[in-house]
Structures are given as C-alpha cells and as structure tokens.
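The chain below stands alone and is given as structure tokens, in the form predicted alone.
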Amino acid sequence: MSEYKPSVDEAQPLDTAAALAEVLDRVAARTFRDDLIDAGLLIPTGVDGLYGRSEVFENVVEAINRLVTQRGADQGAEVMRFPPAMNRADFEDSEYLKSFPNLAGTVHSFCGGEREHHRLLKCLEDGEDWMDNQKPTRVVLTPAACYPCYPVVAKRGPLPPEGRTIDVFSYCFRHEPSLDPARMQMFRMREYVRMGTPDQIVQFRAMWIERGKALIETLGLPHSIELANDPFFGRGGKIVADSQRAQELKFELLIPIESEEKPTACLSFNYHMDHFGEIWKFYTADGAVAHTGCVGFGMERTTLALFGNHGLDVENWPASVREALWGKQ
C-alpha cells in the first residue's frame, strides 16, 4: 500500500472535531483506493472518481450482472440498452435540475469557425482557458439508467393492464469527485423499472427488497436495509428529503466496504409515485396517471463490496461465493 501524504490544507491545524473526522475519512478512502490501484483492480486517470477497470474487476461485474438477470428472469421485462448520454430535452423535462443541479453533467462541443479555432490553439499553446467557443449539444450525460426509458414508453400510449417492466443497464454520471472509490463520477447501474398502478409498484418493490437481500446473502456480504432519501440540493432540499422519508419512498441496501460505521448503499428500491407519469403523460389501462418504481443495482459498488469484505485476490474468496459468481470451478 502506498503511503498517504496529507495535502497542504490537511496539514494545517485542525480547529474542530468535524474537520478532523473529515480528514480521517479521506485518509481511509485514500487507503482503500490505493489498495485497489496497487492490486491493479482500478486504473487511475488523474481525476478523482474516474477509473479504468481491470479484467479481474470486469469479470466480477459481469458475474454480478448474470446473477441479477437470473433473479429477474420471471419478470417478463423488456430489455432496453441506452448509451451513457440522453436527449437534453428529455433531461430538462425530467426535472432533475430542480433537485440535483450540482450532480448534472452536460456535453459541450466546439462551435466556432477558423478564427475561433486558431484562438483555441493559441490558448492551448499558452496554457490558457480554451472553452470560450464550446457550446452545449443536444445530449447530456445520463444521471440514472432508468431516465431514458420513460419518454420512450410514454410514446406507445396506455400501459397494458399488467403494467410494464423494463430492464435497463447503463453507465451513469454524477459530478461528485471523491477519493472514496465507491463514489465514482461514472459508474454502472442495472435496473428493473416497473410502470403501472400504485399497488403494482408497491408489490414490485417489496418483492425486490427480498430478492436483493437474498442475492447479497448469496455473495456472503453483511448488509442492512434502511429507509433513505436522495441528496436533494439547496435549502429546500431538506424539506423534499424529509417528505421522501416520511412517505417511505426510498430504501437502500447498505454494505460495509471501508468501515462498519459508514456502510455504502449498493442497491436502492424506489417508488417515484406519479412523478414520471405526470411529466411524460403516460397512463394505466384504465386511464389513470401511471406510477413508477425501480430497483437499482450499483455494479461497481457491489463489486467493491466483494473486494472490501473478501479480499483483493478473488482466488482466495470463499468457495461458496466463487461458485455463486462463476459456478463450480
């Protein structure tokens, strides 16, 4: 493990216990990240939260993905696979910017002419800012795997009486640079998305809470299910978060990765009520605004949980875990 060296800011005298706790958290995160990098599992890019993955790491991700597919084989889900970018107009309609403007990622491109291009090259040569002529494109980075599927389904008209279930899997982006390897800026989510009546969504979520727990138990990982809320932005965000908790709209499956005291959310179980149905105007078979919900599997986080709890050498993982992931060897 490489030696951790505090930054200039961290080396200053600490005035509060909170500041000390923050530094200690960063040290712990840096240590685990360094272990993963030293083992060749993550490949640093020079940007916190942005990593390449090794073959071993990807083999674990693929094995977890197969397990999720097996658990959802009876769902009759329609498979949709989208790139890690979505239509900017749909993104704006989703109201994501109302709640999480600090996490959003936009895609810009050069929109100048010859003169602007020469200016850009001069800025690069002089080490100056070259972004003046970069303009927003019609796409943004996908913040959650389920977002692109709602407008697609809405265009088909009313849902069938049994509702609809969609299987989505995508890289997602959230702008929250961190030394914690479990808090990546680009990561993959596998989701089953349910659309239908309130009863259908509630039953779906209850079923997947049990299935999610069973899957994690198969992997030999300690865990707990906790009521949660999303990280809504701004002063009004606390009110929205409190409402989300009061209505019990979000639960998370937490697994200790770096510490027992601060376990990490690796799976989430969400009930959106009629939020997306109202935005994109899609309805149940009887004409009511459709409700939606989803179960999300954090692929990198679940993989990191395996390395954090069973060690960095997959050959030394418990035989039962290896068999669950790859079958009898």
Ligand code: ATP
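Note that residue numbering follows the sequence shown and begins at 1. If you're wondering where the values come from, they're calculated on a predicted model, not measured in any experiment.
Same protein, other form: the form predicted together with the ligand, not shown, and the subject of what follows.
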> Among F187, Y192, F232, F91, which has at least one heavy atom within 4.5 Å of the ligand in the predicted bound form?
Replying inline: F187
> Only one of A182, V140, I255, V168 has a non-hydrogen atom within 4.5 angstroms of the ligand in the predicted bound form; which is it?
Replying inline: A182
> Counting only non-hydrogen atoms and a 4.5 angstroms cut-off, does C266 reach the ligand in the predicted bound form?
Replying inline: yes
>> in the predicted bound form, does G277 come within 4.5 Å of the ligand, counting heavy atoms only?
In response: no
>> Taking the ligand as it sits in the predicted bound form, is K250 near enough to touch it, meaning that at least one heavy atom pair lies within 4.5 angstroms?
In response: yes
>> Is G298 part of the interface with the ligand in the predicted bound form - any heavy atom within 4.5 Å?
In response: yes
>> Only one of these stretches, 82-90, 126-134, 169-177, 198-206, has heavy atoms within 4.5 Å of the ligand in the predicted bound form; which one is it?
In response: 169-177
